[in-house]
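Read the single chain below, which is given as structure tokens and is the form predicted alone.
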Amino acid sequence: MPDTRHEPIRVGIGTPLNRVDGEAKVTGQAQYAAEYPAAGLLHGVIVSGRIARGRITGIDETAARSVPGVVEVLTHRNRPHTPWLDRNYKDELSIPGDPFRPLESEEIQFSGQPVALVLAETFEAARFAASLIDVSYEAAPHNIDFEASLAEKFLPSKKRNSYHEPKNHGDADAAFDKAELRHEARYHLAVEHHNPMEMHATTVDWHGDGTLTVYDKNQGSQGVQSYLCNIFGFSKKELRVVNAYVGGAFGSGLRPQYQVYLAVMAAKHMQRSVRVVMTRQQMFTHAHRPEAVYTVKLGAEPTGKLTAILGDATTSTSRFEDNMEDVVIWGMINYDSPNMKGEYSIAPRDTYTSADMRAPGAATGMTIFEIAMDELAYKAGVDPLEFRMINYSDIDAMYRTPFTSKALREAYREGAAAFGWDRRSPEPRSMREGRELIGWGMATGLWNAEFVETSARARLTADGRLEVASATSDIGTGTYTVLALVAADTLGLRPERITVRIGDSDLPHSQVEGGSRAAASAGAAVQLACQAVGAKLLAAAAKVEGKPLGDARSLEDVTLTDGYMILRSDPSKAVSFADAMAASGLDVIEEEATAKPGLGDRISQMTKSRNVHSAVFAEVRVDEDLGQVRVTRIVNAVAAGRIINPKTARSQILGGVVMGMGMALHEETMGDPILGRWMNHNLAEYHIPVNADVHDIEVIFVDEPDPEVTPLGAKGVGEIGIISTAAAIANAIFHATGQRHRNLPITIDRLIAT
């Protein structure tokens, strides 16, 4: 029995715990999609098409089939039968339009489209044979130029649940025309590709009884399972999807990518295990952040108080699907103005469908809006931070609803103090050290706080070990560790006695992981399941001889710690988990629970806004002669409700900030309009921040109790770190140089040319 004379030491929510999966990852024990062994494995290599639009007129497979070890070449001419109806190909996100079907026909819809899959006994044979496939085409006119595509822009369908139509107020056009202070500008964001460290890959383990296990890189095993079963006719008992470890995704795994389709098609056709891995170049043939143009018009009084907000944005999509994002709503939500109007359209071009990429919509829309706000602040002669305080809104200014909580003022205050904002010289080009101009900029971040229905199972054994399980995913965010902490907090067990199982379609239900919702949703489900186990333990303790816990009926009557239930009213009285289970003849206690919005939560969701807020402060140093920008300091103050694990949460903000640096200065996928393809399709020419680019980053979590937002009070931190980081950097560059850049990224050539 523990020493109950002292307050028991508990490890739980709020503890900065190291990743529980860290050892498995650094020692190579963690297996990723392309690393699972499978008996009789065939290796599949994808042949990518060379034109952007048109049709295949011929495929010569002769040389490829003569390579020793090659067993099959699948094309649109000999692929297995698949369903006709589009509904069979809809995935969990259900984007309006016609889903892409690999090897469906001779039609080419985008450059890099898979036109064949070579299967061989070895990867080397498959790769060599794939290089020998000779495909001839009849090209059709194509367009991947975004500016040209704007001629075809249209109002998007309102069918997609994740897109929210702007809610307009007043007469924004008239208010803008009458405003004494006005700002109007057109901003542009380049295409960005996700490029996680692990490339998209699938290993299909074909079992002798006709069932199969699909090890796939994705962000939701059950969504991919449903997608594959609907297409290939398997039942969910016959097809299991596992994504236990994911080497980053950033949204690229929200939808099933084409390699999983091809791998399962080949496995079913050959009745053998198959592995298909995309190359780094092929990672540029699918998901990407849409290119965007966004015209922002702001009107204000001479004091800086906003009187009009107008936003008109267009983002890119494919010709076969209508990808939509929330772009224009963020400034309308965050800032007080009596008149506001948002307009949004999408423009089709001959590429793969654009997709959600970390903080979709907000990383584009809020970032651009915050640059526009900075421009108006300078026109008003008001400090950029003070300008935002003048226009602060205590309610959701677009929906006109209260927030469950909003600690943005505190984030401004704490972030500014840590950064030293009060020492800022207000005039551009007024801060210098040697040959470097120094600039300080800031911006506001805003994201959603989501909570979705999720289930979890908790299983406690008599030796005091606990397993918690849910089909949710860990895409590098720290979900394993968060769920271990929630379980430890609920049942008072040490994390080393807890095993977390996730990333498996056989486990209790979970939706795709995205939108910074996994910790709150899966965490709430684990908490409920563990509470149910605790209730059974307490009931079992009543059968212990002498009833040491007396008439304790509720978990609130006891403290759970280190495998004991200790009576709160008399800490000298305790019962071990093992004794309680033995007294009731239990070897195992197992409970499953589902966390979902109840009636009150649904009403709250309709009447209150749930958001995460941040204040980002950036320092840059610009070498005028070389055009080189160094981001030397970032302070990001985040108000995200209850922080479950400060250590992994900080890591998420750090990662988001670095991606924001990429958006500001580095990341740009460049297309060749003549060839119709992305040209810098590798990590040598697609630039991302590296160690030398990253200097001091300070993360501050603002205290923000919020019992309404989610059952755990957690709001999620996966996305908020990237939002408006690029704006703070762009605004700092203006302060340093006096140059205002409205095209992101701000590359050296653009700095020198200005």
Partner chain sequence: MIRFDYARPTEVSDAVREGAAEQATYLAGGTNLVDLLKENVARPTRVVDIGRLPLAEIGETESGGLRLGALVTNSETAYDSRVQERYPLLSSAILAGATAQLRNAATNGGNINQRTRCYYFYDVATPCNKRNPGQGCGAIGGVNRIHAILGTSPHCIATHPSDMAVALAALQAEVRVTGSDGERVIPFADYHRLPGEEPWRDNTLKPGELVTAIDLPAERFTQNFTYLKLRDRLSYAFALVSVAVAMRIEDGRIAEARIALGGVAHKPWRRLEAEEVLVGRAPDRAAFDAATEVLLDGARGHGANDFKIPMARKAIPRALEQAAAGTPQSQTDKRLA
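Because the structure is a prediction, the values reported are computed rather than measured. Numbering follows the first chain given and starts at 1.
There is another form of the same protein, the form predicted together with its partner chain; it is not shown, and what comes next is about it.
Handout entry: in the predicted complex, the one of Glu436, Glu414, Asp356, Asp474 near its partner chain [non-hydrogen atom within 4.5 angstroms]
Key = Here the answer is residue option Glu436.
Practice task
Would you mind picking the one in Asn680, Asn168, Ser584, Ser430 that has a heavy atom within 4.5 Å of its partner chain in the predicted complex?
Solution key: Exactly one listed residue reaches within 4.5 Å, namely Asn680.
Practice task
Please check if Asp696 has a heavy atom lying within 4.5 Å of any heavy atom of its partner chain in the predicted complex.
Solution key: Asp696 lies outside the contact set for its partner chain.
Practice task
Spell out, yes or no, whether the shortest heavy atom distance between His666 and its partner chain in the predicted complex is within 4.5 Å.
Solution key: Heavy-atom contact with its partner chain at 4.5 Å: present for His666.
Exercise for the section: Would you please decide whether Leu675 lies within 4.5 angstroms of its partner chain in the predicted complex, comparing each non-hydrogen atom pair? Expected result: It does: once its partner chain is placed as it appears in the predicted complex, Leu675 has a heavy atom within 4.5 Å of it.
Problem - Interface membership of Glu138, its partner chain in the predicted complex, 4.5 Å heavy atom rule - result: Residue-level check for Glu138: no, no contact with its partner chain.
Handout entry: One stretch from 627-635, 574-582, 334-342, 255-263 that, in the predicted complex, holds residues within 4.5 Å of its partner chain by heavy atom
Key = Of the options, only 627-635 has residues within 4.5 Å of the partner.
Exercise for the section: May I ask whether Phe128, Ile688 and Asp749 each come within 4.5 Å of its partner chain in the predicted complex, counting any non-hydrogen atom? Expected result: The answer is yes; Phe128, Ile688 and Asp749 each reach its partner chain.
Problem - its partner chain in the predicted complex - contacting residues of 65-86, heavy atom within 4.5 Å - result: Residues within 4.5 Å: Val67, Pro68.
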